[in-house]
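Same protein, same chain, two forms; see structure 1 and structure 2 below, as C-alpha cells.
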Structure 1
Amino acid sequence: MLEITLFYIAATVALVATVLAMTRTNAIHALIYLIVSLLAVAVIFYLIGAAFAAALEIVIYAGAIMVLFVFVIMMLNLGEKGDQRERQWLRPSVWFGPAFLTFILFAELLYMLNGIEGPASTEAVSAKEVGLTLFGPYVLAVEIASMLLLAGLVGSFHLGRRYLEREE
C-alpha cells in the first residue's frame, strides 16, 4: 500500500519536473528540473525491485551526463539575452501543432496499453543476476557498447576542437 502511494508520488514528481523542464527558458533551470525528474524515475526503479538500475540512473545519468550538460552550458555563457530569446521563441502559438500530434501519438500508445495486466514485478532482480547475464549471454553487447563509447569519444574530441576551420 505504502509502495503504491510512493510510486504514484514519484511518478507525479517525474512528470511535473519533466513538464517544467521542457518549458523553462533558462537552460540551467531546465537542466535542474530534468535532474529532479531523473531522480524520481530512479525511485520508481527502486520500487519495482531494480535497485541496480536505480543506482546506475543516479550515478551515470543524473550524475555524469547531466553534469556534462551543465558544464557545456556554462561554458557557452548564454546569459540574459539567451533567456529573452527563448521566451520569444516559446510563444503559445508554436505549441498547437506539436501538441496535437503528440496527443494523437499518446492516444495510440494508450490504446496499445489496454490489454496489459499484472503487477509490475514479483521479485527483485539483484545486481548479481544482472552481472551474470551481462557478462554471460550479453558480453558481445558489452564490447559493442564500448566501441560505441570509443566512437563517441573520438567524435566529441574532434568536434570540440576550437579551430576546426583553420585545419581544413
Structure 2
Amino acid sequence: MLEITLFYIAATVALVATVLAMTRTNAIHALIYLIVSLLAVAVIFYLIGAAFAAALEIVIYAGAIMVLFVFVIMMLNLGEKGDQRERQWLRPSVWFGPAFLTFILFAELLYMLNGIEGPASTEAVSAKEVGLTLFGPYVLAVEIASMLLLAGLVGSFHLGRRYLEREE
C-alpha cells in the first residue's frame, strides 16, 4: 500500500513538472522542469523494481544529456543581452518550483532507502546480463525514455531556431 502511495506521489511530480516544462516560455526554465520530470521517472522506475533503469535514467538522461541541452541553450544567448537574461534566470523565485518538486522526490527517495536492510548485492554483473535486462523486461521503459529525449531534442532545436531567426 505504501509503495502505491509513493508511486502516485512520484507520478504527480512527473506530471506537474512535465506540464510546467511544456508551458514555460523561457527555454532554460523548461529544461529545469524537464530535469525534475526525468528524476521523477527515475523514482518511478526504482519503485517498480527497475533500479538499474532508474540509475541509467539519472546518469544518462537527467545528467549527461541535460547538461548538453543547458550548454546549447547557454551558447544561443551570447553577448551582453544574453548576460542580462542569465542574471534574470538566477532569481530565487525562478528556482522555487523545481526545488520544491525535487525536495518531494528526495524525501521520497530517502524514505524508500531507509527501509532497505542489509547489502543489496555483492556479486558483479556482466555486460551481457545488463543488455538482456534492458532489452528484455525493461525494453518499454528504455524506449519511452528515449522518446522523451527525442522530444526534448526536437523542442530545443525549434526553440533555438526561432530565437536565431528573430535575431536576424
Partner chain sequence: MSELIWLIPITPLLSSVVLMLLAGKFPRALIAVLGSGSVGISALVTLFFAIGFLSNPEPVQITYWTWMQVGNFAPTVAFYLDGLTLVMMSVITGVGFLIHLFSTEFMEDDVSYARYFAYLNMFVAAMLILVMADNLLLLYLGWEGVGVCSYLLVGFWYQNPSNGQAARKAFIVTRIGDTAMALGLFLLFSELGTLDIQAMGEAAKTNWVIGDTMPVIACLLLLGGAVGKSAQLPLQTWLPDAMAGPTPVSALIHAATMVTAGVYLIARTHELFLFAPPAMMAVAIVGLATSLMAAFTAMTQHDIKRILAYSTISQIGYMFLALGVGAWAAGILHLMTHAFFKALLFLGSGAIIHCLHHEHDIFKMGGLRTRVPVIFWSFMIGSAALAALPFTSGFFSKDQILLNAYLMPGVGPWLWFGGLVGALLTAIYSFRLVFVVFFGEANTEPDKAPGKRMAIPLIVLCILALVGGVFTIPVAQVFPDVGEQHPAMWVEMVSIAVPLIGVGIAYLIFLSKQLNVDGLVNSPVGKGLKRFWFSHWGMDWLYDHLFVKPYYGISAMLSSEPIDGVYNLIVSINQKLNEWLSQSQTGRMRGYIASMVFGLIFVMALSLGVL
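Only the largest set of C-alpha atoms that superpose within 1.5 Å between the two forms is called the rigid core. Here, a residue number simply tells you its place in the sequence of structure 1, counted from 1. Because the structure is predicted, anything quoted here is derived from the model rather than measured.
Does the form predicted on its own correspond to structure 1 or to structure 2?
Looking at both, the form predicted on its own is number 2.
I want to check Ile9: does it shift between the two structures by 2 Å or more at the Cα, with the core superposed?
Ile9: C-alpha displaced by less than 2 Å between the two structures.
Once you overlay the rigid core, does the Cα of Met147 travel 2 Å or further between the two structures?
Result for Met147: yes, a 2 Å-plus shift.
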